[in-house]
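One chain comes next, on its own, written out as structure tokens in the form predicted alone.
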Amino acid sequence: MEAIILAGGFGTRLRPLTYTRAKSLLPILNKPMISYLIESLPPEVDRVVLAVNYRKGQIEEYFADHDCGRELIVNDEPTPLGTAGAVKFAEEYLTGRFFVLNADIICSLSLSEMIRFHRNHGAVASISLWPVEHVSEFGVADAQQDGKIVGFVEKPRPEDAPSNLINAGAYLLEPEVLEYIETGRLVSMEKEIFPQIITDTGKFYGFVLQGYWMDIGRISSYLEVHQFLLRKHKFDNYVGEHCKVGGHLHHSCLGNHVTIGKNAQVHSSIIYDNVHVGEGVTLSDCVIGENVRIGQASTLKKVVVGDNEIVHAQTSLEQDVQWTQSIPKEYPKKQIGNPLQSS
């Protein structure tokens, strides 16, 4: 059985971190985001197809050094093809029923249970669903009691919403779904393909996810998932190898080879590898990229510092981004798509 993992996004809302790395390789507790998803795959999945575009070489290099225990294919899309387009582009690697999964979601979904649900209902397509409070921000599933989905309502008023369930980004599909997808163009699974399956087959089902679900699409959610996992694992902090901590850490994550100067305070922040934080520095709700140097007595609050940057001594920044280098030519000036926005 195969799983297609959608890992081709630029992660524009996570810049400048994604100027220098693939979004799916952003570390969460010092482990690439995508590895959590691969580790959650059930035994039935023996082949993983990574649909990539941006920074393909970086992803290949990572998996060349880290065996995921399954056959892994990096499928390079010549241009972004959308959710369905990426699936169609991977058709040659599919042998039967298959998963389609978003690489940027951390959740408690049991894919084994989803397979059983799909089989028991004789579904052509099953998607994961997640309950939300504010339905007006999402596409909401019109789901019946047995889980059958008969449609979606985009950003309804609360009183008009057919449920409080939204698309949670995991799909289990039968091979016949491929017949609906046109080759060689950008195609949205959510906008174009799912409505046809609902109309033609009546075998479109929603599997409600229990536990937790986080879409790591913004800096705020990237920070939040670290805080959630620290609490979940009962860690005060998460500290990598060869770190020297002269200051104080509060609910923060340090990569490897990080130095925290005397009397520095680090609150609810993420610090990548090979970072030097000077004496008397205060960091609050910050993300600090690799090889960064932060000068002494600086104060940063809700700041993202890209890789290889220097923050000079006594700098004060709040709700800011530090990036002084050139932006990669292939990097888009605006967000390209969002597979979950129109569920």
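Numbers for residues come from their place in the sequence shown, where the first is 1. Owing to the predicted nature of the structure, the values given are computational and were not obtained by experimental measurement. Under this definition, the rigid core comprises the largest set of C-alpha atoms superposing within 1.5 Å between the forms.
Not on display, but discussed next: the form predicted in complex with a small molecule.
Considering the small molecule in the predicted bound form, the lone stretch of 198-206, 243-251, 228-236, 211-219 in range is 211-219 [heavy atom distance within 4.5 Å]. Note on contacts: among Ala90, Ile105, Met114, Leu173, the single residue with a heavy atom within 4.5 Å of the small molecule in the predicted bound form is Ile105. Among the residues Gly255, Gly261, Gly139, Gly147, the one placing a heavy atom within 4.5 Å of the small molecule in the predicted bound form is Gly139. Taken together, the three residues Val52, Gly82 and Lys155 all lie with some non-hydrogen atom within 4.5 angstroms of the small molecule in the predicted bound form. Contact check for Glu192: no non-hydrogen atom falls within 4.5 Å of the small molecule in the predicted bound form.
Though the partner is left out of this view, Asp273 does not reach within 4.5 Å of the small molecule in the predicted bound form, counting heavy atoms only. The small molecule is not shown here, and in the predicted bound form it never comes within 4.5 Å of any heavy atom of Ala3. Looking at Ser126, you'd find every heavy atom of it more than 4.5 angstroms from the small molecule in the predicted bound form.
Core-superposed comparison between this form and the one not shown: the C-alpha position of Leu178 differs by less than 2 Å.
Once both forms are fitted on their rigid core, the CA atom of Lys155 lies 2 Å or more apart between this form and the one not shown.
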